[in-house]
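Okay, so here's just one chain, in structure tokens, the form predicted alone.
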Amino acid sequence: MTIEQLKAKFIEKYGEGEISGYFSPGRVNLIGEHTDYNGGFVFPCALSFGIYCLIRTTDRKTVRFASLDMSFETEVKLENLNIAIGKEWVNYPIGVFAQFMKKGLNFDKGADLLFYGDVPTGAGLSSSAALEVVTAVVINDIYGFGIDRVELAKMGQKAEHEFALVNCGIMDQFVSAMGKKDHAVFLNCDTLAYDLVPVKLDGVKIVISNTNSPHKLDSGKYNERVAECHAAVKAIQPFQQIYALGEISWDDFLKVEDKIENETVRGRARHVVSEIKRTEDAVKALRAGDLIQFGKLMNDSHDSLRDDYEVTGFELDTMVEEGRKIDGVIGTRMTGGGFGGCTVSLVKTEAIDTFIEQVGKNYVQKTGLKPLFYVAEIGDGGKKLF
């Protein structure tokens, strides 16, 4: 949908008047999965699709929420912008309003908001983080609060914790706020120190494959993994004083791995610590222009997520297995929280058509689901459009 079409939809719903428009992107994580809430490294990039928000301020003491993607609409009094509404989608933006209110920042005027997304929901490309961040960017700009982008990302994360009840790490909101075109974000999720690393893929493209098996982080599986990681830290602490798995090196982990008596918990920790090392090694490989090594580390990442962290499942594993059969695929892995969603692959340009045709056909035969494929462009973080 074009910007002009979005404006027309806004006017159709709310009437004539001045409109401002904003955008925040979804993301794909190239490597570094389930490390963010463990204080480790991640390596995501912002995508060229995400969530749009059109806004007009009003003299009313209410905020109206509507979406072109969801049927539920509501009008909320300014003083109630910190109260969740059932299990509706509006809790994501309302949760962000609540974070501003927690800081003692008050809203002196109402607003009409219209959201639209071209990032596939339920695909593991962080449509929820894009929704939170675009709301934060809108509020910060329209009401003139002057909060920096890193803090806006943290506020989006808190909104997800408190209003969606998902104990997510900071990665998704951070890259949606801080991403840059043609760069990936090498982020230390403990300190929030980051580098913008140029992604130079001569003759290679990033292909996202949507399994169309929607992931559901709020099903409890995600929070279960968080708890298992905390259990691993407790098991290690008598032998090495750490507060998060991101604090222990791979070599040191190997010395204490057998101290984690629960086999499942041991596997969770093994994935996290090895994935942090893989992410560091992958960034070094990319900086050195070694895409073959980067692809190998992507493959190793998926295998670890499958075997040790157990967050892949039949659909994601099938997509990866079929992808690895195609000449010209440098590396392929699940991306996002797992339990459905998408894979991310590095594919030589001349092999993309074959990849989409063959992987798509074989995936349908094995799963009965029709996949979707996107050749990804790396875009900017949240911004005002007009």
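Note that residue numbering follows the sequence shown and begins at 1. Bear in mind that the values here come from a model prediction, so they are computed numbers and not experimental data.
Keep in mind that the form predicted in complex with a small molecule is missing from the display, and what follows is about it.
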Inset, instruction - Report the residue, out of G39, G32, G323, G340, that has at least one non-hydrogen atom within 4.5 angstroms of the small molecule in the model of the complex. - result: G32
Legend entry - Selected contact from F107, W89, Y222, Y116, since only one has a non-hydrogen atom within 4.5 angstroms of the small molecule in the model of the complex: Y222
Legend entry - Interface membership of G169, the small molecule in the model of the complex, 4.5 Å heavy atom rule: yes
Inset, instruction - Consider G50 of the chain shown here, and say whether it contacts the small molecule in the model of the complex, taking contact as heavy atoms within 4.5 Å. - result: no
Inset, instruction - Indicate whether the small molecule has at least one heavy atom within 4.5 Å of a heavy atom of G331 in the model of the complex. - result: no
Inset, instruction - Find out whether any non-hydrogen atom of P44 is located within 4.5 angstroms of the small molecule in the model of the complex, and reply yes or no. - result: no
Legend entry - Candidate stretches 51-59, 64-72, 332-340, 354-362, one within 4.5 Å of the small molecule in the model of the complex by heavy atom: 332-340
